[in-house]
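What follows is a pair of forms of the same protein chain, given separately as structure tokens and numbered structure 1 and structure 2.
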Structure 1
């Protein structure tokens, strides 16, 4: 089954080895860290940052595809501040062959990020496949992969739970709401946004980490890329801590009465659809 919103007919493209797989990764705050707002629209960055969890699945998928091909190059690409190089090192330790760091002095929005990724990838070589996570856990915008695909004029599918390569195309399974799935075939090159259900990312061993130190990371300033300034942009005006309002309630009675009352409250007050 094909979805017109996600499937685009492209001219026939001959994909031959060597194959270039670019993996777009993001440097994000650890979700387990204590986030402290220090300015109206900034957080205290003296916390642990890591490779975006959804991007780990993208890196793992690229490394697995590399294992199935005789001559494949996996290139991790990130856009961010100087500290984002640590995220590239994590991707290299997982099995990426080399990295590209588009260095910025700020955290760009999805519009600028997509344009920077496009420019960096095109400058490096011709992509056969571009993998990203379906979203970043900090902004949760779900936009970058679509903007990148639009900039490159290639197909895109997201929330992908399986990937099968067939010569010059890939067949992917995309998760839908209410547990549904959609199977899409796209000609390569294309962009794929990976879901957590796609695979289990490997845990780098000490030898992997040591080996990664010798792998190439090319740094380029975003100002040195030929990026057309966007007509519009997104800006974070203010950040606010999430506040959960909770109140304790006691339910008296027998076990049967308590369970019945709990179900009633979950359905009526919490509006949880229990069967």
Structure 2
């Protein structure tokens, strides 16, 4: 099992060994893909899958942090079906040094995913920083980063728009509502959930992609990680297409006439309280 004492005794101020940045990435359907439901709770996966857009920002941030310090290892980790290896390759092409693929035969919920990530990470090394996107665009769960942090018993912040590294801590800004911000300092190791505003992810060049082919990807079956089965579960029992019934009424006439008609219908049949 994970030895917490050992984990914290690590002298984070004296950085003699490389800094380990783990980036958790998810293989998700392209947002433009047509989703076809094939079984009561399955989709046809014969569509384009990509590195989750928010995770791109996490990879970019890790690669930038690596550029700032000579001795940094960026390790991309994914949990998912065999095809998820392509998402690791995308992360490697963006500049991650190596990858770990926890191979599953199904798409686990975030409770199991976090346990698998935790097990895979501590089996691999001691994390200084763990980065991941603030959400995955398939399930929009917003929670894996928190569950991972709780499993490792380390601090976490999400919706992060800037990261500044200090000796043994990081200072991040988290988005609040109506454009507000909270500045948070966390001792390392810690987990960061990245927002779109953090950076602009690089597009890998062809040489990057070719170079990435030589990078190591270690595969481990989820069954070999000896994860304790959780008591809690979130299971998709049914899926249906989301169809919104729209009125699809075109309003014609002069500018003034059509605006008058729009207001009339909004206040009338649509019952909108326009003050």
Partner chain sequence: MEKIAILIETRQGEIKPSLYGVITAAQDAEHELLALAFGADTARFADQLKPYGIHHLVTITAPSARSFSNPDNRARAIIRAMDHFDIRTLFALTSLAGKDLLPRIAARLDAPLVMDCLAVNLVDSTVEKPQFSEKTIATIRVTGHHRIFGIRPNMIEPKTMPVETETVVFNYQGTADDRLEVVETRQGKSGAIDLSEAEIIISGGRGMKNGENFQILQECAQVMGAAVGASRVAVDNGWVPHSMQVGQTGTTVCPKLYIACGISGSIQHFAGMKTAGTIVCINTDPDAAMMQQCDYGIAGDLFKIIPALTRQLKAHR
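Bear in mind the structure is a predicted one, so any value in this text is a computation, not a measurement. Whichever C-alpha set is largest while still superposing within 1.5 Å between the two forms counts as the rigid core. Positions refer to the first chain, counted from 1.
Enquirer: Between structure 1 and structure 2, which should be identified as the form predicted alone?
Expert: Comparing the pair, one sees that structure 1 is the form predicted alone and the remaining one is not.
Enquirer: Could you tell me the distance the CA of residue 255 travels between structures 1 and 2 after a rigid core superposition, in angstrom?
Expert: The shift comes out to 3.4 Å.
Enquirer: Keeping the rigid core superposed, can you check how far the CA atom of residue 268 moves between structures 1 and 2, in angstrom?
Expert: Value for residue 268 between structures 1 and 2: 8.9 Å of C-alpha shift.
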